[in-house]
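Coming up is one lone chain in structure tokens, specifically the form predicted alone.
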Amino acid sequence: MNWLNAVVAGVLVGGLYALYATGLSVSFGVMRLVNLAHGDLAVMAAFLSSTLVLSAGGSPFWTILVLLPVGFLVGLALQRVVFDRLVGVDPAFQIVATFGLSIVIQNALLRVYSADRRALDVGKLKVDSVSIGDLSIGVFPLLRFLVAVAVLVSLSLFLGRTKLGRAFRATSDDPVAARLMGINNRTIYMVATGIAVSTVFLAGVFNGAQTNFATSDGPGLLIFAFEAVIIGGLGSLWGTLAGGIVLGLAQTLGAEQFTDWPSQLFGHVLFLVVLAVRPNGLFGRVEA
């Protein structure tokens, strides 16, 4: 039964990784943009949530209602000021520019909040669980997983069944042809970045409620998001969920087998194996 508990735990933690990776998948799928500041935006959201809770009290969950629109506006501003200059250029320039943005965010957070670690208090919800025989399922991880699935379902419906979603897909497939058909690519890119930042803000709040966080945690969170995206396949939303689950399973099952080894190591090894064997990921498209 320990193995079954490890499997369930791996699937549930995979939901958090998928939530982190959703924004990266949207950014790359629509703009072919690699954003190294993605994890720092999640940490920013956690700190903003803690500030709101300290100011107004209550549960961190109500802050999500504030942070989602704030994240969207932050995404619009980043696209207008920074990312517009990076779309379609050499990936090396994207890496350098977004790495610089990461450093700016980290130092700004350090200036405002200091290096002290914080945590978001969700009370008993963090430790409550549901038992089915010998199987124990944490209520908070289950809620987090359901939220990740709901976000991915909503985005899939948006992309597949709305006019704006079809414009997203057209711009992703051929931005020049989309522009000739009257689609404003800059508007599409701004909305895509707004969605990407909103989803990573949501992930940041859930991570802050799961464990403590500090201003320097962004790069570590970025690694998990990248691994989930690449394992699942760049640009594939459902591949992102699958990649997150596979990554979570690798960590929990590896830790169950080798108790003295850090669980993250097994996810990193799996990531390297996927890169070597199937570099396009589980559901990634092969492009000419």
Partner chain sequence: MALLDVEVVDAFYGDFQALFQLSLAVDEGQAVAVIGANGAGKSTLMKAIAGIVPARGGRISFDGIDLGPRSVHHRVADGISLVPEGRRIFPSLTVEENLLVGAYRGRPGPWTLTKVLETFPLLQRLATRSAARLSGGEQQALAIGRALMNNPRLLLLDEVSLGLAPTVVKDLYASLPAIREQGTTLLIVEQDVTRALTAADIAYCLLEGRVSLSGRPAELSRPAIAAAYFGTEVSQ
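If you're wondering where the values come from, they're calculated on a predicted model, not measured in any experiment. Positions refer to the first chain, counted from 1.
One more form of this protein should be noted, the form predicted together with the partner chain, which is absent from this view; the next part is about it.
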Heavy atom contact within 4.5 Å of the partner chain in the predicted bound form, the stretch among 177-185, 68-76, 150-158, 119-127: 177-185
Contact residue in the predicted bound form, from A167, L202, A209, A192 (heavy atom within 4.5 Å of the partner chain): A167
D134, heavy atom within 4.5 angstroms of the partner chain in the predicted bound form: no
